[in-house]
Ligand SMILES: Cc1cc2nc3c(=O)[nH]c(=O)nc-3n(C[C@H](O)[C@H](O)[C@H](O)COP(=O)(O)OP(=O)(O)OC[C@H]3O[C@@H](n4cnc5c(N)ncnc54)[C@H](O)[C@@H]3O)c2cc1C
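Only one chain is given next, in structure tokens, and it is the form predicted alone.
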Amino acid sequence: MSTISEKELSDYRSDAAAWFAENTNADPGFMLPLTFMEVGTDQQFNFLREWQHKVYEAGYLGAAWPKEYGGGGLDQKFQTIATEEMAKANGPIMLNAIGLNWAGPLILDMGTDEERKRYIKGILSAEDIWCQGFSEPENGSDLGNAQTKAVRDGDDWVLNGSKIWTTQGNYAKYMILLARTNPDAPNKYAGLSFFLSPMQVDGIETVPIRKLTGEYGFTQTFFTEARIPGDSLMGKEGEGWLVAMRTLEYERGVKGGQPGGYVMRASDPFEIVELARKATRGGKPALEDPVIKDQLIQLMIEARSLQLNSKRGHIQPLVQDKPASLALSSKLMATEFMRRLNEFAITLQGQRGAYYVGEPDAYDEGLWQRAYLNSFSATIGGGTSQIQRNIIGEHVLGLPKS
């Protein structure tokens, strides 16, 4: 077994730091999205697509994915270093979030060799953008009750129905899709199948959804007699529920294997210190208010705790009794923490907290207001906080089903 020396890691870090210092453009002259769920203009999309492609070509994305499918074939330690240096350079987010973090790991995990060869490189290079077809207009996040139908017709499948909250659906080339293939199955789960569906076929239409922030990023997708190839089916017909549950394990952070980078810009309590110096309370900087100072310190402690919990999740002896417990609770705590953190940043601005992006009197160009409104989407995606609490209660704590 080969071992990696500290010098190899140190040299790699130096190279990565130099590359990101030279190539990162965090301010292209227009507003960049805070997360992959707010990519709403062609300008943002093209910029982020080029950025992801550039990082991949340099070897700093997918460094630990198998070489035969387009990855770098290196140890995960190298990818971790690359992502750290990317963050230090304040690099923009990775665009193809669903491809990188859910579809890609899923295909490497459960796909065939042919599927891996067909899809993985395009996911890493951002040539092929992926979206997710799980939620439906009438059924919300109740995946087991999905009503979009897929009917076999010769060599093809014919789709009818609708999906909603499909992030980047208008840009996607492929969708990971859960559809009902047998309405007469003995239970609702047995009648579902999982597809790696092409999006650019007749009968598939996406309609952008404008959000509370004024931005786009979500779409509703309509399927009307849409014909997709038979080999779009992943796994066996009627076993889609099992594949969907594995997908959610990646989405909720229970399973690792993602290719690095990050798809969300997390707010930092240390950045609020600067805001608290500018904002005023009773004619003085808000930072001089002992209550504000105490609240800020509490938020810093929470932020540090979340970071340490994330590191604990990678130490096997600490999680061997309940392997999913930290990952499940981290998703819940981190998303709710971000919502509270941004809310606090607005509160300390006083009346000026009412200003938004584009208004001259807004602190930091309305960053905190925008981040607060956007933070709700992360508490819903992959299962709402309420669902997450139920999962933790039932599967980690062993409580009876509610």
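Small disclaimer: the values here were computed from a predicted structure and weren't measured. Numbers follow the displayed sequence, beginning with 1.
Not pictured, yet referred to below: the form predicted in complex with the named molecule.
Heavy atoms of Ile387 reach within 4.5 Å of the named molecule in the predicted bound form, making it an interface residue. At a distance threshold of 4.5 angstroms between non-hydrogen atoms, Met37 is in contact with the named molecule in the predicted bound form.
Using a 4.5 Å cutoff between non-hydrogen atoms, Leu192 does not count as a contact of the named molecule in the predicted bound form.
When the named molecule is considered in the predicted bound form, Ser377 lines it closely, a heavy atom lying within 4.5 Å. Among the residues Ser232, Thr167, Gln258, Ser267, the one placing a heavy atom within 4.5 Å of the named molecule in the predicted bound form is Thr167.
The single contact residue among Phe134, Tyr171, Phe222, Tyr119, judged by any heavy atom lying within 4.5 Å of the named molecule in the predicted bound form, is Phe134.
Contact with the named molecule in the predicted bound form, defined as any heavy atom within 4.5 Å, is confined among 181-189, 126-134, 237-245, 80-88 to 126-134. Taking a 4.5 Å heavy atom cutoff to the named molecule in the predicted bound form, the one contacting residue in 83-109 is Ile98.
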